[in-house]
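Presented below, as structure tokens, is a lone chain in the form predicted on its own.
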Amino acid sequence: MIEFNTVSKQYPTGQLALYNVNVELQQGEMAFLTGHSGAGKSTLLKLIALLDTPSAGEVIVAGQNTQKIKLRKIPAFRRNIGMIFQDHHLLADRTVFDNIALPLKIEGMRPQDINRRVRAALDKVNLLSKEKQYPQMLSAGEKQRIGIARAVVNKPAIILADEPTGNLDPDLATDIMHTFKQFNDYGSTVLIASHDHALIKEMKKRIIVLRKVKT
């Protein structure tokens, strides 16, 4: 499903974020990406989602070499990927429902299908009762779950999460991780970047360790 073949990434500043990375994630697998700050966790996730491109090597996602995907086909490629950030980027002037519905509206989906999809996503994160509220009315954990609902409303085959529990207390963090496990149980391939070693160990999934490149 996801394959890195001798992948390196160097930024124009000269910073080497990844060097000679070889890793493979099977379809339907859930794994954790860990390593010291600056080891390249966020960069690796961005390469999968085509938010960045490698300097060397190949990134293969669902059988496609990402560097060979034409610019006009990138939006369609990304619809198969749900991306969750530590900062959920919710729009303060829109309701929970409208925040989650936004990617579906951009896609041009019919209103009745949008309603069904949004409510199904909210139900999966146990926040169906919050659909008419605004982000400022939610707790930190609820905001993060809304971010997850928005990321999965397209029913993506791949879910990527970058430090999704970094701002949460331990109980909320555990709750969020089990939410990801539920989506994995539904068949999504899940890769989570996290520095919470105790929580990662508790989840009993494969751990991929990145080491900071020495320059």
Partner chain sequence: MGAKYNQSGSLISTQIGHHKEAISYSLRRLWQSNLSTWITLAVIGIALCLPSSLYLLLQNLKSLTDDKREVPTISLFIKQNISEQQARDRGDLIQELSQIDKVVLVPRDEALEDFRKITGFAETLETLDENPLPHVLVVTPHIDLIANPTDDMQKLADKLESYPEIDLVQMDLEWVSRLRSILRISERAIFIISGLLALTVLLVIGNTIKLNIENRKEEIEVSKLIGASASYIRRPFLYTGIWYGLFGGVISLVLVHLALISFVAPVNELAKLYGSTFIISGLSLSTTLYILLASSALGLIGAWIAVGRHLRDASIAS
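Positions refer to the first chain, counted from 1. From a predicted model like this one, the values you see are computed outputs, not experimental measurements.
This protein has a second form, the form predicted together with the partner chain, left out of what is shown; the following refers to that one.
Peer 1: Verify the flagged residues 141, 178 and 185 against the partner chain in the predicted complex: is each one within 4.5 Å by a non-hydrogen atom?
Peer 2: The answer is no; none of 141, 178 and 185 reaches the partner chain.
Peer 1: Would you point out which of 149 to 157, 185 to 193, 164 to 172, 33 to 41 contains residues with a non-hydrogen atom within 4.5 Å of the partner chain in the predicted complex?
Peer 2: So the stretch in question is 149 to 157.
Peer 1: Is residue 117 near the partner chain? Define near as a heavy atom within 4.5 Å, in the predicted complex.
Peer 2: Residue 117: contacts the partner chain in the predicted complex.
Peer 1: Decide whether residue 106 counts as a contact residue for the partner chain in the predicted complex under a heavy atom distance cut-off of 4.5 Å.
Peer 2: It does: once the partner chain is placed as it appears in the predicted complex, residue 106 has a heavy atom within 4.5 Å of it.
Peer 1: Are any of the heavy atoms in residue 128 no more than 4.5 Å from a heavy atom of the partner chain in the predicted complex?
Peer 2: Residue 128: no, not in contact with the partner chain in the predicted complex.
Peer 1: Would residue 78 count as a contact of the partner chain in the predicted complex, using a 4.5 angstroms cut-off between non-hydrogen atoms?
Peer 2: The answer is yes: residue 78 has a heavy atom within 4.5 Å of the partner chain.
Peer 1: Go through 88 to 103 residue by residue and record those having a heavy atom within 4.5 Å of the partner chain in the predicted complex; state none if no residue qualifies.
Peer 2: 89, 90, 91, 93, 94, 102, 103, in sequence order.
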